[in-house]
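One chain follows as structure tokens, the form predicted on its own.
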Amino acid sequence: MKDYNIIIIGAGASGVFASYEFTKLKSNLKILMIDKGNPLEKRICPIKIGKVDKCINCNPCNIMNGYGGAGTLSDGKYNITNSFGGDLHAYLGKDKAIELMEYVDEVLCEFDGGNSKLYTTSNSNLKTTALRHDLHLLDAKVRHFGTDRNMKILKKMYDFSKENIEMQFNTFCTDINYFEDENKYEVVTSNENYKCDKVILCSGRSGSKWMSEICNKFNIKLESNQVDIGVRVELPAEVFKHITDVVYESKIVYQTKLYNDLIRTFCMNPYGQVVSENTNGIITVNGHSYSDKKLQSENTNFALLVTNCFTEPFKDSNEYGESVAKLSNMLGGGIILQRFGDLIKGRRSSDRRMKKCFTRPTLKATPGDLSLVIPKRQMDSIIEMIYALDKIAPGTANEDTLLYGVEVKFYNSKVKVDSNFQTDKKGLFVVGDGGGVTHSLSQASASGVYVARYLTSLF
């Protein structure tokens, strides 16, 4: 059985940046990183290359798994902020969290060659305009690379780290054991078993159930988290051009008048594409965009998400989100698409109606009725938010605005960790979105950097 100092489980944003930092620090540690997905060059979705129209449940899903994680093919957008995207600052302090996110930005820009643009909301009049209509723009600096440049950056990071970090793909971790007499962990995988001194769990959003199983095995406390449910909106790019040209992504929060629920925009992709993704066999919708204008579309897409938090006796917020998404999969064979005008008129969109639609969808989805899928409370909030956004971006509430459903943001149960992201089980660390602390590329990457520095100092 091979023996390592450290094993990193998961090659998402946190795992990639941990492996980068270990390499940069020139440590002599013997490190293995494993991931159940494919290496970067093999992460090709059959929908993208035109082999199929809809998700065929590839295992593993190349959108969600593999080197770079779920963030690889999702726009290459890094939000440098403590205002959203996770609670990294609650563990490291606000200044340290921003410092690490700025460091991540410097690394990415170095590999990119300084070609990207940094957007900021602080010097925009949008915040004032939004407030006049009871909409709240959250402060952030946004670095956008685009899916195409993001792939190139990750390839360079892989080449930088591969000589120092052993990497295995298509390798699923089935279990972790601890040998107290040796003070060693055993990582059980689909290929073979390994021993190590320290384990870093970087399983990401798609590894939420597995993470819960490991934590329950070691009696590590988990705190139930929220789930966000909504739709992805697609409309002509001109509607939001005056906003996206200035801030690129506008994170706008609104409290509905009807229910006092919070709803927000999320993952805005100017001139982007709507895509489907497979999370543990459940098909949901997402979006991304390219930096190369030749690959861009004529539309902008973004999510509208309603936050759902539950009280006793119900605890499994992700199970609730999954049940809503399963309805969409059942009725639409995957993603359901509906014109906003049809939704308001209480009728389903059909192939005939879609042929008359002026907004051309970038994802092939099943025309249908989202009101049969999304609960009334969330749907009412989505409709109210669309009308609110129409006040600052006239045209948002046009009849031909497209709604794709369902978009669900699963938040992993928050794992109890200390300020170094170590669990109660000494030597077992949890970072990235899989631990429920971070919810963004910037914060997940920063947590990987922090743990790599900390562990290097211990050996």
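All residue numbers are counted from 1 along the displayed sequence. These numbers come from a predicted model, not from an experiment.
The next section is about a form of this same protein that is not shown, the form predicted in complex with a small molecule.
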**Q.** The unique member of Gly204, Gly86, Gly334, Gly321 whose heavy atoms fall within 4.5 Å of the small molecule in the predicted complex
**A.** Gly204
Q. Here the chain is shown alone; which of Tyr119, Tyr91, Trp210, Tyr290 has a heavy atom within 4.5 Å of the small molecule in the predicted complex?
A. Trp210
Q) 71-79, 106-114, 91-99, 344-352: which one contacts the small molecule in the predicted complex at 4.5 Å, heavy atom to heavy atom? A) 71-79
(Q) Residue-level contact is defined here as any heavy atom of the residue lying within 4.5 Å of the small molecule in the predicted complex; does Phe172 satisfy this criterion? (A) yes
Q.
Just checking whether Glu277 would be counted as a contact of the small molecule in the predicted complex - the rule being heavy atoms within 4.5 angstroms.
A. yes
Q.
Under a 4.5 Å heavy atom criterion, is Ile63 part of the interface with the small molecule in the predicted complex?
A. yes
Q. Can you check whether Val406 is within 4.5 Å of the small molecule in the predicted complex, heavy atom basis?
A. no
